[in-house]
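Shown next as structure tokens: one chain only, the form predicted alone.
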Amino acid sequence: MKVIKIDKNEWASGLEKLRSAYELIGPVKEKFYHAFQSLESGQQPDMDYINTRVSPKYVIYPQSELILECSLNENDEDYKIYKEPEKEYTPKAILGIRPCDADSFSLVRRNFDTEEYKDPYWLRAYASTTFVGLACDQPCPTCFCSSAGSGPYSDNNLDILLADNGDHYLARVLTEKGKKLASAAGWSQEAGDEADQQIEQKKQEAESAIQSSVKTDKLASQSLLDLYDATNAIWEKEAFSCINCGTCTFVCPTCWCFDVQDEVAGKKGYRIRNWDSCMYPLFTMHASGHNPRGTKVDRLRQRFMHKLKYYVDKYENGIQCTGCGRCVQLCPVNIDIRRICNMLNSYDPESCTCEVTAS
């Protein structure tokens, strides 16, 4: 695995070289928060950011996406025949993505890329994107990535991992996509024999700075029905303050629920996929009027059972969470996935009790 040195004085010129081949996307400050945006000519990503309010999942999975369209002109041969619109999947590079966010695409892929079903829109966008990660040296108090299967220096799902080393980056080039991007930017200086040791030292320091964690070791062995029926011990108490605003689902990098709507404008029909939220009352409303999740207790239980039990049982590969901590930071009523995860992990159906922790 190759490690190269990128002098920060050469960072901007390298990005300018990339612009002819890639659309560059990076963290930019908007008033009080950072967000991932397409970088205009001459604009640099803010590599000193801590984390963004919303994850960059929209780059692969837009919040609103046209998937089919049709003509509503009766004189057209293809009248009312839905077709896929022409789309350009221009090569993109996400610069400075945090390892927890990069990891999230691996978790989400299990839903969009299966043996039975393959989502062409998600897969094409993913294939056209190069992920340049920025290791996290300053984890937030709400971060718990290292106990959620990720980590501040995780290189999972990255093409390049950057480690800030003062006046330069140590760049671990991980894939052929990463090699291609580094070559296009003119970044080729060997970092030297001590680079791997320096990265490992920084990794250990970053991991030791994480103060928050979740326990997941017993989730797989817990009875699904016992956890589902823990209404008095867990679900009613947690749902009491929930206002079903959906903030947790929209900021989450691993939430993938969507709705499909048909819209008409003039002589054209459009089928559009939009992000949706299991926290909304209409999400599971049937055409008959019946709603299997008609109360907020039902909806809150669904959100956490999906991430911490259904996903665990179905994929046998950890929880559906990378520990970014956004939902903990932004929930207006302080519902904390770390607390609920630990409660599910320690739940005893005989006594209807569980371990309640602050984080």
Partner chain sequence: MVNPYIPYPVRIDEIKTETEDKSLKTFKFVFLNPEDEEKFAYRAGQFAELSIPGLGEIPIGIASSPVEKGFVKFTIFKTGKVTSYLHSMKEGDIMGIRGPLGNWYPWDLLEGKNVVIIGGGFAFTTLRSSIIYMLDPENRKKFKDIHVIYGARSPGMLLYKEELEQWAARDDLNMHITVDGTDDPEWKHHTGFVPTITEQEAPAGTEDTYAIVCGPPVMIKFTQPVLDKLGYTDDRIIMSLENRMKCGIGMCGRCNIGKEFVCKDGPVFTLRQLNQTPKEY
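Computed from a prediction, not measured in an experiment: that's the story for all the values here. Positions refer to the first chain, counted from 1.
Another form exists, predicted in complex with the partner chain; not displayed. Remarks below refer to it.
- Within 4.5 Å of the partner chain in the predicted bound form, a heavy atom is found for not a single one of Tyr22, Tyr49 and Lys218.
- Annotated contact segment (heavy atom within 4.5 Å of the partner chain in the predicted bound form): 251-259, selected among 140-148, 251-259, 156-164, 186-194.
- Screening Lys87, Lys237, Lys267, His286 for any heavy atom within 4.5 Å of the partner chain in the predicted bound form leaves a single hit, His286.
- Residue in contact with the partner chain in the predicted bound form (any heavy atom within 4.5 Å), chosen from Ser128, Thr231, Gln198, Asn111: Asn111.
- Although the partner is absent here, Lys296 is not a contact residue: none of its heavy atoms lies within 4.5 angstroms of the partner chain in the predicted bound form.
- Remark: Ala209 does not count among the residues lining the partner chain in the predicted bound form, judged by a heavy atom distance of 4.5 Å or less.
- In the predicted bound form, the partner chain lies within 4.5 Å of some heavy atom of Tyr310.
- Contact between Gln302 and the partner chain in the predicted bound form is found at the 4.5 Å heavy atom cutoff.
- Heavy atoms closer than or equal to 4.5 Å to the partner chain in the predicted bound form belong, across 100-129, to the residues Asn111, Phe112, Thr114, Glu116, Tyr117, Lys118, Asp119, Pro120, Tyr121, Leu123, Arg124, ordered by sequence position.
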